[in-house]
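What follows are structure tokens for two forms of the same protein chain, given separately as structure 1 and structure 2.
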Structure 1
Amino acid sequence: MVKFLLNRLAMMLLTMLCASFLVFAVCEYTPGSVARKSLGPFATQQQVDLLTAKLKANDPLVVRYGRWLGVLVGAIPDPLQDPSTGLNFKDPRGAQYFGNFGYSTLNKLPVNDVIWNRLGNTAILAGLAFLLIVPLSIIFGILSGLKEGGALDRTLSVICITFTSIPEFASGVFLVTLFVILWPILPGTSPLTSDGGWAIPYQFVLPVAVLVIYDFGYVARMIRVSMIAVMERPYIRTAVLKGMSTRRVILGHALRNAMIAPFTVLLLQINFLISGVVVTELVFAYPGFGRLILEASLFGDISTLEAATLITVAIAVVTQLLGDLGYMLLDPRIRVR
């Protein structure tokens, strides 16, 4: 187990390094000078020239990447906070610390002061949605997989396919029309403030509903397919012939084995719920991580984009590690190998 974890951690570190280099290279080679992209569109030409010299922007790409990585890990101070540049970029943590993502030209704040708050908001939204997606998907998947081709299977399959085929913006507009305009019982936006007269818990209802409607059907279909395959195994037939109750067969033998394949699918939903909910956050004006990425992209906030991409990759590799550990817990044969 220790060797396995060390190998996985080494692969995670290598993945993060490769991803950070690709992100840095793409941002460097987009149109416009590095200094201009760092300072934003409203900086003077004198500031741009000064920062170009300070950043040594004419150095080779690998050298500049090493310098950027040094700022990120706290090995060297952030040149944007050097008083000689004449810029008013100040970070209360100082110019040299681990996890220094730089300065956001969009929000006029250090990236760390913006991105973690937005990520926390999205984590709350994702957590609430995930708590509903998992049990709904398991229930629908099991009920559909028990009697393949039956009336219940067909009905639940139609429901899952229909919900999955509805885009997020469409279901969002439909729910707003229904519960905000026709029956005004819920807020139409979710700014996470009480200024509009709605308590914050009410503001989560519609965004969470949109995510659950869009996502649970796909996961339920994966569980259904796995459940059908497991129910045809010889050990299930043997348990039934021995007189074991249906509940015990399902909970004691079928469910655990049926969840081995869909386990990865469930973990992939974490990546989607963290970084793929841009549409939902935009429809409901939710101050989340996905909306921050969109705003930074439109404005050209390179520092925020680089930080958001690295965080997204980190979440992906961590969920992959959790998936491998989950496989080992669900299937003892993997541990033996």
Structure 2
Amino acid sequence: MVKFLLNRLAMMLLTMLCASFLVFAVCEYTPGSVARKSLGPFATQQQVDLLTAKLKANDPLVVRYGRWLGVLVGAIPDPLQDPSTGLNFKDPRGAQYFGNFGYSTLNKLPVNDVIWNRLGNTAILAGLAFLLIVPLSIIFGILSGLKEGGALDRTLSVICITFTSIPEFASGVFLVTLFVILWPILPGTSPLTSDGGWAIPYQFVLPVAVLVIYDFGYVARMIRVSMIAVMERPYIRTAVLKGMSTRRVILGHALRNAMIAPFTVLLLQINFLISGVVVTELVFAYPGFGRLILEASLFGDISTLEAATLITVAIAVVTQLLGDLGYMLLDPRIRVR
């Protein structure tokens, strides 16, 4: 078990390294942009060239990636914070510490000052959505999987398929039209301040609804498929022919088996919710992580983007690991001896 965990941990680190390098390569393929973006559009070419030289931004890609990694683990100080650059970038934590994501050229702040706050906001939104998605998808999935092709199954299936076909911006438009414009009972934006006159809990209703609508149907479909397969297994017949009632067969024998395969799918939704909420956050002007990623990519804020990538990939690999561990817990057949 210890060996397995160590193995997985190494794999996780490797995945994160590869992912961060890929993002670095895509964003920094053309060198020199850091200087321009740090100095802003009004700096002269001379100033840009000077800074570029100082930051050694013309070094080969791998060398620059190595330097970024060095800053991250606290092996070398962040070159942007060097007073000689004249940028006056100052991180209160110092220039050299473990977990230094560098300086955000977009926000002119240390990345660590921006990103965690945004991540927290998104975590609340995602957490609320996840809390609704789990029971909804299980109920829908189990009920429609009970009797494949029955009236209930067909109704629920059509609902699920329809909902998964509605992207967040479309459901945002539909819901805002309904509940903000035609029947104004909810706010159309969610800036998480009470300035607009709406209490903060109200501001969560529509964003969460949009996320749940798009996502739960997909998970429910997965659970349905698994449930159908389980209901056809001979051990369900064994349970029925023992004289058990349908309810006891489902709760005692079918449910746990039916959740084995979709368990990973369910956990993967955490990934989607953390970083896939760009659209929802944009529609409702929600100050979250997804929007940060979008803004950083559009601006070319490599430090923020790298930090965001590392965090999303870290969340992804951790949920994958949790998924595997949960899988083992649910299914005694694959427990590591």
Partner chain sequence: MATLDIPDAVQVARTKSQTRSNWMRIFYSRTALVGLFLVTFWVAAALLAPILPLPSPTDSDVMAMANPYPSAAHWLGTDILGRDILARLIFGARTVLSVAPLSVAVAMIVGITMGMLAGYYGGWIDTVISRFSDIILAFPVLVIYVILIANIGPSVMNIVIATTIASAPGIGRITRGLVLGLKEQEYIAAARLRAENTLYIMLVELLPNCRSMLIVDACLRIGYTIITIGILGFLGLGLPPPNPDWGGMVKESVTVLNVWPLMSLIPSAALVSLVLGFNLLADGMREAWKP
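We call the rigid core whatever largest set of C-alpha positions still superposes within 1.5 Å between the two forms. Residue positions are counted from 1 along structure 1's sequence. Quick caveat: nothing in here was measured; it's all calculated off a predicted structure.
Student: Just verifying the output here: the form predicted on its own should be either structure 1 or structure 2. Which one is it?
Tutor: It is the first structure that is the form predicted on its own.
Student: Superposing on the rigid core, is the CA of Leu61 displaced by 2 Å or more between the two structures?
Tutor: Yes, because once the rigid core is superposed, the C-alpha of Leu61 moves 2 Å or more between the two structures.
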